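Starting off, we have a lone chain in the form predicted alone, written out as structure tokens.
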């Protein structure tokens, strides 16, 4: 791992943390807020690739675990890993890795459409596959209620996927990071 890799990992950790500043939207059905931070997850994987993108989110989660208030609403500390958002926090790590892996696989033919699909499958699909069962377990609500409450987040997540895809394609054209040695 080079100094450049470490710098990129730290940069995307900071970018994802800064996205917590955007005010979260909380819905009455679920105790999980809508935040801009999932956009940071999509960007980390899509711009840095699986290894560096995953490490950037892992670093963010370690910083949160030691108590830094880097999540929406100024939350941090170990308690967030035992609450309703715990599944989504784990989902962030897996989503960044999945998005990065798919982006690397389809790098040569990466277009806005393929990047959007990567963000939808890796970003939304993976995060929800881990996050919804996490809500159900941690909040003690039936899976069906957690699922139905979570579908209200999908339109916003699709907008984030479109933004991330546009950034991924632009970065590929102007300053490709993934095509270089990781």
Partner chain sequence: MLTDLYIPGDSLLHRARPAWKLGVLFLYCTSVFVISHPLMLAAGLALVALGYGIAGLGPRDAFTAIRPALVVLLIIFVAQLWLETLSLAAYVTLRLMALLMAAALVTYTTRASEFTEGILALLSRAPKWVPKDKIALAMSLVWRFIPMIRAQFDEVREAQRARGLERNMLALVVPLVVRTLKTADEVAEAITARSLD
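Bear in mind that the values here come from a model prediction, so they are computed numbers and not experimental data. Residue numbers count along the first chain shown, from 1.
What follows is about the form predicted in complex with the partner chain, which we do not show.
With respect to the partner chain in the predicted bound form, the three residues 3, 6 and 166 uniformly fall within 4.5 angstroms at the level of their nearest heavy atom. The partner chain is not shown here, and in the predicted bound form it never comes within 4.5 Å of any heavy atom of residue 158. Although the partner is absent here, residue 57 lies well away from the partner chain in the predicted bound form, with no heavy atom inside 4.5 Å. Mapping the unseen interface onto this chain, residue 145 counts among the residues with a heavy atom inside 4.5 Å of the partner chain in the predicted bound form. The partner chain in the predicted bound form is approached by residue 85, whose closest heavy atom lies within 4.5 angstroms of it. Screening 129, 154, 137, 121 for any heavy atom within 4.5 Å of the partner chain in the predicted bound form leaves a single hit, 137.
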